[in-house]
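In structure tokens, the next block holds one chain alone, the form predicted alone.
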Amino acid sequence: MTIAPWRPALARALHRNRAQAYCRYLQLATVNESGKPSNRTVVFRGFVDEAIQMVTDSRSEKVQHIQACPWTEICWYFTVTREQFRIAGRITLISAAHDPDAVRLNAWQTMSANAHQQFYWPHPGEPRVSQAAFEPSATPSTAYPPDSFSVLLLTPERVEHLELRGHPQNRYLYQQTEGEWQLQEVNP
């Protein structure tokens, strides 16, 4: 398998910004049931082949958005190197009902106990319940994720990379056409 031509630039940005914990945070945009954009911050959890991996609670609104319209875009800004990546493509939801490759299990086992606990909390987006509902009642299983744990895999079809340092700035457009990536330098 050949690595997509945009991957080295993203890997370099991740490496050069690794001292900043927030370099793993990116913005994920979906379309809601009214046809309007909906945006939120998620955490980059690595790659699965060429897909960008994130996780979510299967009870969250974004899951319904993705089920209705699997096209999405992420925007990822790296402060140290002053680079932005806008990555658009199709997102796949891997839930408890659909996990043939154990992707969920692998993602779950790499997460911290504190991150695990959130998937045992009350339903996200519903009216706030008592503080006691958010306290760990028992040690959650680190061996296998609960049904509320899902993985999101974004398979890019278009990547824009903007380097804000320099004069003029550099901007690259990667587009996949018929399975092949094309690179074009564009004006910033």
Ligand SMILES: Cc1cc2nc3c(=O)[nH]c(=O)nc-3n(C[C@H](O)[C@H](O)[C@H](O)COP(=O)(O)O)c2cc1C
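Numbering starts at 1 and follows the sequence shown. What you see is a predicted model, and the numbers here were worked out from it, not measured in a lab.
The same protein also exists as the form predicted in complex with the ligand; that form is not shown, yet it is the one meant from here on.
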Non-hydrogen atom contact Thr155 with the ligand in the model of the complex at 4.5 angstroms: no
In the model of the complex, Glu61 touching the ligand (heavy atom, 4.5 Å): yes
Heavy atom of Val43 within 4.5 Å of the ligand in the model of the complex: yes
Any non-hydrogen atom of Val55 within 4.5 angstroms of the ligand in the model of the complex: yes
Within 11-25, the residues that have a heavy atom no more than 4.5 Å from the ligand in the model of the complex: Tyr25
